[in-house]
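Just the one chain here, laid out as C-alpha cells, in the form predicted alone.
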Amino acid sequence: MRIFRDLIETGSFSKAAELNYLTQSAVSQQLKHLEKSVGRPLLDRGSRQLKLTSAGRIFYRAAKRIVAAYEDITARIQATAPESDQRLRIAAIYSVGTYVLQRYLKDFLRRCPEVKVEVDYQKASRICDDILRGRADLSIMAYPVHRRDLQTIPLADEELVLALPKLHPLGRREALNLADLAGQDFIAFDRGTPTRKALDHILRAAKVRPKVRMEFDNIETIKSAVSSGMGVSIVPEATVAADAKAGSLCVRRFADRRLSRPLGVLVRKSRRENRAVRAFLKQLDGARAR
C-alpha cells in the first residue's frame, strides 16, 4: 500500500522505487501482486501517464488513510520506549549536516549530554519521506519544502559564494559581478537538488550562461573538482571557509548582488515530540531569535 501510494503521488516508477529503496522492476512486481490480490486493475495501461482506474481511485484513497494510520501508530509506539526521550534522529543533506548542523549540535550536546544524536545524510528528495515515515525526527535543509503534512520552521539564510581554483584569473580581482561567470567552466550541483534549481533560475534571470562541465550531488566532490582546476562553482560560504583560510581555494563574493539560500527545519505536524526533540527545537528557536 505504501509503494502504491508513493507511485501515485510521485507519478513515477523511478521515484517510487527511490523512496522505498527498491528497483523499478520491484515496484512493477509489487503493483502486479497488489492488483492480483485485489482482483481488479488499478492503473489504466492504455494511458501514457499514470492514470487510476475506478477501482484504483477507491484503493488509493483507502490505502493513503491506512498507511497514514499505520505510520502514526508505529511513531506513537516508538515514542513510548524509555530510550526515546534520549534519542534525536536528524536527516540532513551533506552540506548542511556537515557544516551547519554541527554548530547547533555542539551547544545542544553540552546542555543535554545524555542525548544520543543520530545524523543520517540523505538526498533532499528522500528527507521528507524519512520524516513522514518516522525514520527521522526532524531535518535541517536548504530550500525546505512546503507540504500539508509537514511543518516548516525558518532558521537562517546561508550565504552563497564563488569558489575558484587558487590561480584562477577571476581570483585576482577583488570585485566580481554575476555576469563574470558567462562562458566560465562551471562545476554544478546535481540537477535534481534544490540549490541547483535555485541557482539555475538566478543565472537564467540574469542572462548569464556559464559552461556546466560537471555535476555532483556532494559538496566535497564539488570542492575537489574546483581545487583541481576543473572549473568554478557557487557554494555555501560555510563549506569553503576553512579552505579559503588554508589557501587551497579562492573565495569571492559578488559585488552586484548577495546570493543566499534559506535554511529551515522540517518536522511532522501530527507528531508526538520526545524530550530530546523538544529541547533541540527550543535551542534552534533561540538561535534564530539571536
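In this text, the rigid core denotes the largest set of C-alpha atoms whose superposition between the two forms falls within 1.5 Å. Treat the numbers as computed from the prediction; the structure is a model and nothing was measured. Counting begins at 1, following the sequence as shown.
Below: the form predicted in complex with the DNA, not depicted.
Original post:
Among 248-256, 54-62, 218-226, 32-40, which stretch sits within 4.5 Å of the DNA in the predicted complex, heavy atoms only?
Top reply: The contacting stretch here is 32-40.
Original post:
Though only this chain appears here, would L22 touch the DNA in the predicted complex if you measure heavy atom gaps against 4.5 Å?
Top reply: Within the cut-off, so yes.
Subject >> Heavy atom of A26 within 4.5 Å of the DNA in the predicted complex >> reply: Yes - in the predicted complex, heavy atoms of A26 and the DNA come within 4.5 Å of each other.
Subject >> Distance check, R191 to the DNA in the predicted complex, heavy atom within 4.5 Å >> reply: Contact with the DNA, yes.
Original post:
Quick one: does K207 come within 4.5 Å of the DNA in the predicted complex, counting heavy atoms only?
Top reply: Yes - in the predicted complex, heavy atoms of K207 and the DNA come within 4.5 Å of each other.
Subject >> Rigid core fit then A279 CA moved by 2 Å or more between this form and the one not shown >> reply: The answer is no; the displacement is under 2 Å.
Original post:
Relative to the form shown here, do the C-alpha atoms of D130 and A17 sit closer together or farther apart in the predicted complex, given a change of 3 Å or more?
Top reply: D130 and A17 sit farther apart in the predicted complex.
**OP:** Report the direction of the Cα distance change between G11 and D130 in the predicted complex, compared with the displayed form, as closer or farther; the change is 3 Å or more.
**Re:** Residues separate in the predicted complex, at least 3 Å farther apart.
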